[in-house]
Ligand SMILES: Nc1ncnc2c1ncn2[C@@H]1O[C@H](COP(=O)(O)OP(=O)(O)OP(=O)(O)O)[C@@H](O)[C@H]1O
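Single chain ahead, written as structure tokens, the form predicted on its own.
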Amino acid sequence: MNKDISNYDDFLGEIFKKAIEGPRIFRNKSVLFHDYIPKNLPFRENEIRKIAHLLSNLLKGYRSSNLFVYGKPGTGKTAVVKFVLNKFLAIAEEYNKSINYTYVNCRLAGTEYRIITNMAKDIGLNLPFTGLSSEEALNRVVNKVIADGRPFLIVLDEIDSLITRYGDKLLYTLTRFTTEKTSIPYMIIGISNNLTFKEYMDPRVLSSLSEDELVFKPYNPKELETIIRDRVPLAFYPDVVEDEAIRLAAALSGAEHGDARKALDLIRVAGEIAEIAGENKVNSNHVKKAYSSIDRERIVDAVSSLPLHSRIILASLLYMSQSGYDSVKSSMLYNKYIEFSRRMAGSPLSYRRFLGLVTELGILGLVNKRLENYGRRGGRISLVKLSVPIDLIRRALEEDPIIGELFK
């Protein structure tokens, strides 16, 4: 074994020495990642102002209208909300305004119970990892907020993941802070890529929410170029990134979805490619290579990180696509999903939850779902098809320890 390892000595030494002695490309790579919150958020002044006005009610001790924030990935929804929240919490502390505040990413939390325990932790309430029902855990959160008597701000990022998987009961309970016995000022901010997730909610819940809405439009290429130019001096050493590379990264991202996250990923990966090659400039060829690399790896990574039932749906659609179907009726796809789900996961989800997961796959850009109108007698039929290359979906699923059995 030592002999095998020694074969890599020169190879590894070259890589590590190049990192120290080679061209200096990056000054601070972290500013190009999606979780970085810049000091300036161009082209989102109106959205920032609206969120701030709504939040200001809590500083006065009033209940605020709830807010649903919509927009495609990379349009700055989460960055803007966090940007305003940071200032809001700083002002609240400066003026000794005590606020109960929770921020939860519903998709990352995974389950309804973990969403609740994350909320509890944020307000200083310890709940056991297991042993309580979701209902009892949420009641304890509500009782803690009422006992504290402080305004309560709830931010639920990727809220559609909660609603499509678990329904709207949690959300409904969080609107019950104003009753005959108590009146706690509160505000719920829900952030979502999916403009249609409210279709899964009971009208009574929507009525209780009394929500306002804010839609983030995609960035155009000129706006993306400005965003990249703002970050480049922070991320790279001077004169490293060529002007042409910036324009191309903006054009490629703007032509697709107006996604600032992808634009910044492109310029970052282009820099990494130049760095590995030992070059001291980032040019348009590096951006082209980055575009090809990101697109393929993004799909494989996205599929690999999906929940089990979402992967089973993709496997079902892949199977039917390889059987000659271009677009598949959602009812037919559900039947195939049931078959595979019984083999892979025990019991299938309900049709409603299945459709919710199909919608999520559409948001991720993995499938395309459309409605076809066949007149009065035929009605409306939902058709689903893969929107990415079959070989990439198959590659990701074949490597899956559970789903891979279907392709052996």
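So that there is no doubt, residue numbering starts at 1 and follows the sequence shown. The structure presented is a predicted model; accordingly, all values stated were derived computationally and were not measured.
Keep in mind that the form predicted together with this ligand is missing from the display, and what follows is about it.
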*If you check in the predicted complex, is G167 within 4.5 Å of this ligand, heavy atoms only?*
no
*Would P38 count as touching this ligand in the predicted complex under a 4.5 Å heavy atom rule?*
yes
_4.5 Å heavy atom contact, Y219 to this ligand in the predicted complex_ = yes
*With a 4.5 Å heavy atom cut-off, would you call Y62 a contact of this ligand in the predicted complex?*
no
_Selected contact from S310, N100, T78, T117, since only one has a non-hydrogen atom within 4.5 angstroms of this ligand in the predicted complex_ = T78
*So which of R231, R268, K198, R150 gets a non-hydrogen atom within 4.5 Å of this ligand in the predicted complex?*
R231
*asked:* Counting any heavy atom within 4.5 Å as contact, can you tell me which stretch out of 360 to 368, 49 to 57, 335 to 343, 26 to 34 lines this ligand in the predicted complex?
replied: 26 to 34
*asked:* Does this ligand, in the predicted complex, lie within 4.5 angstroms of each residue among K72, E158 and L264, using heavy atoms as the measure?
replied: yes
